[in-house]
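Just the one chain here, laid out as structure tokens, in the form predicted alone.
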Amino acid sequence: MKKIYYILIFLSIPILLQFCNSNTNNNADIIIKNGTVVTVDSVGNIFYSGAVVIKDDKIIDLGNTDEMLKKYSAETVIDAKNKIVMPGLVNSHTHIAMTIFRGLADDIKLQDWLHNYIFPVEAEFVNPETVKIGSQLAMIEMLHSGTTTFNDMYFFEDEVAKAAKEIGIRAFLCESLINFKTPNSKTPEEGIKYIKMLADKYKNDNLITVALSVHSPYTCSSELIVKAKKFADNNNLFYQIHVAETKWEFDTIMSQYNLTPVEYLDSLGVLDDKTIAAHCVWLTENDIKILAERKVGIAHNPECNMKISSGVAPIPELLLAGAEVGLGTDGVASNNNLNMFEEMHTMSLLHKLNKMNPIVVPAETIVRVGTIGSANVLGMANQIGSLEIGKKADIIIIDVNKANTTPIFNVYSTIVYSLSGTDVNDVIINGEIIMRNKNILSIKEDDVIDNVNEIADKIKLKHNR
């Protein structure tokens, strides 16, 4: 009897093993296979016939395709042959609802642009409806060019959050404070109450992170700058401000306080590792040292700075000093697009020319700045910015089986110098497929374009443009 018992157990082992294997082979939601997987991890791993395995909203494994397919199976399998698989790009500074003002006021100086064009038209045309519509257009543009996370600095950020949730894009949202009436708040105090409402509403949200911003050292009083920072610290929020964007700003703050804009903000005690400083063009050696020591996140916006002729930010020096540097597009009213691939390309060429040095900020560094660097600036590098086990599944798949990307000798060089945003084929955010074969699944693009054109017609009629 015992002999029969043992024989039965022995015969059942293959069945049990098959059952166990079948369980381990069915525990993923999405597998991306056969791609060139550019992880942007700390050692720069690249898998040339690689796969990424996604379960729920996270990456649960990645590596060689054959190995991954032995371990996992999934209902959705995306074949990324002849494609690059990489982290979604992270836009570290923009004003996305300003898509409704694209091309409204070009080829003029920043002060003229702000005070004679943008501020007046914002006062008249920025409202919850236009912010949501303009933001939808921006999100469509960003998704098509590979951005999966953006840092917005504007007004009515609850409308931006609603649009981001509907479309499925990750958003870092900073409601803006300034020392005069804004489209959303009669006073800064009203603005702070609105930010508190946002922070409570989206606490622990899987796509939305709420922060606050003060516009700049020259449009906000020292009292507001300090008060806003204390509120941010007390509510565990990031704090964003435009800093040293132009020579005019630099000279103005110097004349008022006998300090550079960075030294002035440092004297107010608002520079730390939860502060994001946008632009940082006009910096002294001491400014660079302060920003690096305080671990301030710097959002570099090369195309906007070039277009408005603000100058060239000392990014190589900041990187050498160990500062946290990310990449942003700024808003389309001053860029005029949200294409982060174009921004990476411009960043590389700008600094090479400015330094007359072809080896400064090489392609791999640029890719890191546009992904994990920007994630660091936003305090989100533990979640996004690279393809690693346990991180959020924010992934873009880029078709490189094209004339403009053939042949490939160096993947980073191809990404920075050859790719276009239009080469992005698929986008996954938070483990959800948001764009497949260039089609955004969560919104009707034509309807949004029509809505924005209706707003633009009203602006043209009122302002004779």
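Counting begins at 1, following the sequence as shown. Everything numeric in this text was worked out from a predicted model, so none of it was measured.
This next part talks about the form predicted in complex with another copy of the chain, which is not shown.
Undergrad: Contact check in the predicted complex: 30, 151 and 197 versus another copy of the chain, with a cutoff of 4.5 Å between any heavy atoms. Do all three pass?
TA: Spot residues vs another copy of the chain: no contact at all.
Undergrad: Among 429-437, 409-417, 39-47, 55-63, which stretch has residues whose heavy atoms lie within 4.5 Å of another copy of the chain in the predicted complex?
TA: After filtering at 4.5 Å, what remains is 409-417.
Undergrad: Would residue 460 count as a contact of another copy of the chain in the predicted complex, using a 4.5 angstroms cut-off between non-hydrogen atoms?
TA: Close contact exists here: in the predicted complex, residue 460 approaches another copy of the chain to within 4.5 Å, heavy atoms only.
Undergrad: So in the predicted complex, does residue 329 come within 4.5 Å of another copy of the chain, heavy atom to heavy atom?
TA: No - in the predicted complex, heavy atoms of residue 329 and another copy of the chain never come within 4.5 Å of each other.
Undergrad: I'd like to check something about residue 402: if you look in the predicted complex, is any of its heavy atoms closer than or equal to 4.5 Å to a heavy atom of another copy of the chain?
TA: Residue-level check for residue 402: yes, a contact with another copy of the chain.
Undergrad: Just to confirm, residue 75 within 4.5 Å of another copy of the chain in the predicted complex by heavy atoms?
TA: Looking in the predicted complex, residue contacts with another copy of the chain do not include residue 75, since no heavy atom lies within 4.5 Å.
Undergrad: Between the options 381, 290, 118, 350, which residue brings a heavy atom to within 4.5 Å of another copy of the chain in the predicted complex?
TA: The option sitting close enough to the partner is 350.
Undergrad: By the heavy atom within 4.5 Å rule, which residue out of 388, 317, 342, 122 makes contact with another copy of the chain in the predicted complex?
TA: Going through each option in turn, the one that passes is 342.
Undergrad: Taking another copy of the chain as it sits in the predicted complex, which residues of 303-321 have a non-hydrogen atom within 4.5 Å of it? Please list them.
TA: In sequence order, 303, 305, 306, 307, 308, 309, 310, 311, 312 come within 4.5 Å of the partner.
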